[in-house]
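Next comes just one chain, in structure tokens: the form predicted alone.
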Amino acid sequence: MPANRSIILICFASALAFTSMADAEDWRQFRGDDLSGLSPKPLPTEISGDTIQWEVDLPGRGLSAPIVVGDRVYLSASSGFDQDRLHLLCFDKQTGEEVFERQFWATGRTVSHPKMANATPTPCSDGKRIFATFSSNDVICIDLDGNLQWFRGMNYDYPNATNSLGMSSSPVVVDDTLIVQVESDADSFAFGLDVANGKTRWQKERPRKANWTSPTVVTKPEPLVLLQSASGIEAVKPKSGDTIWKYESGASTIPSSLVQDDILYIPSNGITAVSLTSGNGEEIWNVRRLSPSTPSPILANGMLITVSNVKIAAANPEDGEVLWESRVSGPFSASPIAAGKYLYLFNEKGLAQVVEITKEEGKVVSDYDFGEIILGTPAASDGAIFVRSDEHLWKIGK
């Protein structure tokens, strides 16, 4: 074959690979790239055996959600009698074929409630690396091909930063800083780590109370990370950790807050809406009736949605007026995701429910029993849903 033709073919193949990566729809952290839980593309409105595109076996347990970067799905798991074997797995998004698996030993405390697992926090990515934290407070960074970049065993320095149920806060990455919450009744901290080497950029003492919430991010007028705890919300600069403002009326320690349209919706005495344009977290409204259980709130089809163990409630996001309540089959640990006017719920018994949400009602239009306990929040990418149990990872598509 002529040399110039070989070069053309190589360039063409490289262009195709680049286009495939560029066109791929990422879901790089818990509740998606923007932490909203919203899929920009329609998702299947029917979940059945016919819409399950693939199913793969997992080597260990986990409540962590899958994340999607390019044409790959990444997931954490933990195994062993003491949950001290840590797994990072990568699968081809289209076929489900395993690309790689990496295993590590936990360095911290692995004891947790039987319902939880060491692999409870959801990994995150900056598009170049995967960052995974575990209940043992081990923080692992690999590149997209699985090569170890760095490893931090936080319990070496802070052995009392743990609780009897297990840790679950999922990290977020903002530019070149990874934010990790390690909060308990004893030692309690938040950290900003350099993504390149895992070194501590800043460290803040946090309220000494067990906390399972995950940080969220404000992008305007400047990037801020919102750290939630029983004491409320602390807004900090991601690079320096400097505190900009605080909301000090308390907040839940399980469901996390939601940011959308310059408003912060806090699970606090029900739901409290706080303005982000005032610069000091000024309260707009509070409705006690909008009280979520474990799932975090979501804003879908122009409505604020909260999920309890037996019902979903829809409210006007501008004033908190409750529009309707609808019964669903719970209980739930996973937070919902949404696409257009459809809400996707996975209860702890493994029942998937697709709920059509309008201004008048919420109506279950499809359900499917996976027959396994599902506690992790699903991910969405390119019109497909990715959800895991302790035993399997599924792709649900049209």
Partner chain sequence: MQALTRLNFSIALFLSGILAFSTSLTFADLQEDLKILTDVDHRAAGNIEAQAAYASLVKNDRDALPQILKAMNGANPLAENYLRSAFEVIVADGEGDLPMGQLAAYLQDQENNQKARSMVFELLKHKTPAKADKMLDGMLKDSSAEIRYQAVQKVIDRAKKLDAGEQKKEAYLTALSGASEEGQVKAISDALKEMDVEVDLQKHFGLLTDWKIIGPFDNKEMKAFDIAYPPEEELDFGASYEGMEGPVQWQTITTDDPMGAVDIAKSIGPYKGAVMYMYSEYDSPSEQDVYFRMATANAWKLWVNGELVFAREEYHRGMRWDQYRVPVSLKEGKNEILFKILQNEQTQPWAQDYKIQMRVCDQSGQGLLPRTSYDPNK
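The structure displayed is predicted, hence computed values, not measured ones. Positions refer to the first chain, counted from 1.
Absent from the display: the form predicted together with the partner chain. The rest refers to it.
Trainee: Looking at Ser278, Thr219, Ser240, Gln103, which is the one with a non-hydrogen atom within 4.5 Å of the partner chain in the model of the complex?
Mentor: Only one option qualifies, and that one is Gln103.
Trainee: I need to confirm a contact call. Of Trp150, Trp245, Trp324, Trp202, which residue comes within 4.5 Å of the partner chain in the model of the complex, counting heavy atoms only?
Mentor: Exactly one residue meets the criterion: Trp150.
Trainee: Just one stretch in 220-228, 302-310, 324-332, 95-103 has heavy atoms within 4.5 Å of the partner chain in the model of the complex, so which one is it?
Mentor: Only one stretch qualifies here: 95-103.
Trainee: Using a 4.5 Å heavy atom cut-off, state whether Trp285 contacts the partner chain in the model of the complex.
Mentor: Contact with the partner chain, no.
Trainee: Taking any heavy atom pair closer than or equal to 4.5 Å as contact, tell me whether Gly127 reaches the partner chain in the model of the complex.
Mentor: Gly127 lies outside the contact set for the partner chain.
Trainee: Does Asp176 reach the partner chain in the model of the complex if we count a contact as any heavy atom within 4.5 Å?
Mentor: Answer no; every heavy atom of Asp176 is more than 4.5 Å from the partner chain in the model of the complex.
Trainee: Using a 4.5 angstroms cut-off on non-hydrogen atoms, would Val111 count as touching the partner chain in the model of the complex?
Mentor: Yes, Val111 lies within 4.5 Å of the partner chain in the model of the complex.
Trainee: Should the three residues Gln260, Glu348 and Glu360 be counted as contacting the partner chain in the model of the complex, with contact defined as a heavy atom within 4.5 Å for each?
Mentor: Not a single listed residue reaches the partner chain in the model of the complex, so no.
Trainee: Residue by residue through 189-223, tell me which have a non-hydrogen atom within 4.5 angstroms of the partner chain in the model of the complex.
Mentor: Heavy-atom contacts to the partner chain in the model of the complex: Ala196, Asn197, Gly198, Lys199, Arg208, Lys209, Ala210, Trp212.
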